[in-house]
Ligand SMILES: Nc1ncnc2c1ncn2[C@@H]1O[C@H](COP(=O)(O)OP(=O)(O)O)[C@@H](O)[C@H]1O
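Before any questions on how it binds or moves, here is one chain, the form predicted alone, in structure tokens.
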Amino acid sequence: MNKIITAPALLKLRNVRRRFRLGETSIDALNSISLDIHAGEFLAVWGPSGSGKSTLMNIVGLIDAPTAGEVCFGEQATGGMDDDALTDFRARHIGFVFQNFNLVPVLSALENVMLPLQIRGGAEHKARELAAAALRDVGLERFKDSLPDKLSGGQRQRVAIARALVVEPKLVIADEPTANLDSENSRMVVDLMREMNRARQVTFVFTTHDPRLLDHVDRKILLRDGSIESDEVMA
């Protein structure tokens, strides 16, 4: 029997649509998506390429606004927020992990993890202390002075996870975080995200096209052609 989720909804999507125009043609990337993402969940959105996974993550991460429908983060309706308010809200509540790592090549691992704290205006010594702790949590303390090109793909993604977590977000979004990794490193990255989810009680939502990575999730949503085909809470 699948377990029942009793945690409060951290994020609510109601009848969300996202339409793109290509010349005179309109493409519906998301078709009336409604779902709740609960506090503390470890949730995977999976499906084939072109199913709308990245578009959904941009909506969930408040990067893009829906063409229609409503997105609420906790009790905060986001539809009426301007760009500055959304940028500030994301910086305080959401961490991001990308498939291409998005590390600054001229900065060390430690400096990359410090970056979001410095953007928020924190003191440098405190940012350095918190970044070092985040790198220690992902097992990379001894690589803190290494530049990204001196790290393996798996190590770079672990730096990216540390950077996402250092701001103590309520939600971490990882869009295809294993797409550029081999099977062993893919499993290690997913296991690390799961470990951080449990240790920090941070909600994780990640996308993948690889069903082999779904063994340890709390919930998996299959997206196909912009619609939710199945939404399964795991036992």
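The first residue of the shown sequence is 1; numbering continues from there. Note that the structure is a prediction, hence the values are computed from the model and not measured.
In what follows, reference is made to the form predicted together with this ligand, a form of this protein that is not presented.
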Between the options Thr67, Asn31, Ser34, Ser54, which residue brings a heavy atom to within 4.5 Å of this ligand in the model of the complex? Ser54
Would you check, heavy atoms only and a 4.5 Å threshold, whether Gly50 touches this ligand in the model of the complex? yes
Are any of the heavy atoms in Ala199 no more than 4.5 Å from a heavy atom of this ligand in the model of the complex? no
Residue stretch of 165 to 173, 36 to 44, 54 to 62, 186 to 194 approaching this ligand in the model of the complex, non-hydrogen atom distance within 4.5 Å: 54 to 62
At 4.5 Å, heavy atom to heavy atom, what parts of 74 to 111 sit next to this ligand in the model of the complex? List them in sequence order, or say none. none
